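Starting off, we have a lone chain in the form predicted alone, written out as structure tokens.
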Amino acid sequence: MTLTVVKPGLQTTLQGAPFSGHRHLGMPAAGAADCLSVALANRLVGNPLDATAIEITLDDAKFTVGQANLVALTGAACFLRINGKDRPVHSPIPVTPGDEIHIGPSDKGCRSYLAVAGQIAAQSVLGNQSTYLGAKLGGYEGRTLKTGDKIKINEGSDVKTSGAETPSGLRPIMSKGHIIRITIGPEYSALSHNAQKKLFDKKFTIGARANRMGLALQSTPLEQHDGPQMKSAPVFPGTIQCPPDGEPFLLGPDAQTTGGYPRIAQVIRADRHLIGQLRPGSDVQFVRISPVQATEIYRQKLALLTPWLGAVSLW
């Protein structure tokens, strides 16, 4: 099967599992920015949960279908239309040659995921097919999709469609406001007492500097104690750094592997998929919890998801 890109949208890439075990080479995680939404989409078409899918950011996108197959859409899109007719999201949809798939823009949230039954024939790097735009690796020639690109999909699995809709209780709620739980970071004490209080008392607005590498968190600046400049240290998706100007920066999946700004907090693993749905102008309120609580929340979230998704890991 092939999908031909008719309208690529603002930033559409092939994304699935993150790169793992290569951070010593400076290779970021990359992969789907919202790992839960991509897992739910793949589940509907019978693919492995971390299989490569199409990640669409903010704008609408269109594709035409080459051969019969199944597709499923999850995430932030406000509609899914096949040949101009509305179709449900979170459901497997049969498509036939010549069909046009129109994925609506997101008015809440940021990213949508189109899964196609079978294996997308993407470029493989370090054993992974996800796109890392910073180094132009993986995915479709290491870049965003363009009009006229043809995405090849190898033979699909034996998909059963009956009763396959995502249960309503497991569908992530798209919103312009988010509550995200964090643990304090190694350099949390670099913040003044007043700044430590503001980190949890004040809402932050996602600024215009927002992409897969990270997101600016705008509010009143967070004051820091004067001290020697810290040496570069490991950072990860979900790390919140605080540069000298006091405007924190939340790192995303394509973030670098080390950084020299104080690491004031870390988004807990159970909430990290929410980073992929933050968009400029949306608000976020941070809630402090302990590492022990973070572990228990993650365990509870997997217990909720496992009956539908099977063995699942959130990254």
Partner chain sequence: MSAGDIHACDDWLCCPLKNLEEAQAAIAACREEEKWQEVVTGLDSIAVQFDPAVMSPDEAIDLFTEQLLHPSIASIGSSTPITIPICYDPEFAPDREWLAEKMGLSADALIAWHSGLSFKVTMLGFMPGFAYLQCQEAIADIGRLPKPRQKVPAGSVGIIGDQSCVYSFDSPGGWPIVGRTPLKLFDPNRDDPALLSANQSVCFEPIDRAEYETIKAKQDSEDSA
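Residue numbers count along the first chain shown, from 1. Here the structure is a predicted model, which is why all the values come from computation and not from measurement.
The same protein also has a form predicted in complex with the partner chain, omitted here; what follows describes it.
- Put simply, of 93, 206, 137, 101 only one has a heavy atom within 4.5 Å of the partner chain in the predicted complex, and it is 137.
- Contact annotation: of the candidates 258, 285, 67, 64, the single residue with a non-hydrogen atom within 4.5 angstroms of the partner chain in the predicted complex is 258.
- Considering the partner chain in the predicted complex, the lone stretch of 79 to 87, 184 to 192, 241 to 249, 165 to 173 in range is 184 to 192 [heavy atom distance within 4.5 Å].
- Although the partner is absent here, residue 307 lies well away from the partner chain in the predicted complex, with no heavy atom inside 4.5 Å.
- The partner chain in the predicted complex comes within 4.5 Å of a heavy atom belonging to residue 302.
- Among residues of the shown chain, residue 225 is not one whose heavy atoms approach the partner chain to within 4.5 Å in the predicted complex.
- Though the partner is left out of this view, residue 11 does not reach within 4.5 Å of the partner chain in the predicted complex, counting heavy atoms only.
- Contacts between 290 to 306 and the partner chain, taken as any heavy atom within 4.5 Å in the predicted complex, involve 291, 292, 294, 295, 298, 299, 302.
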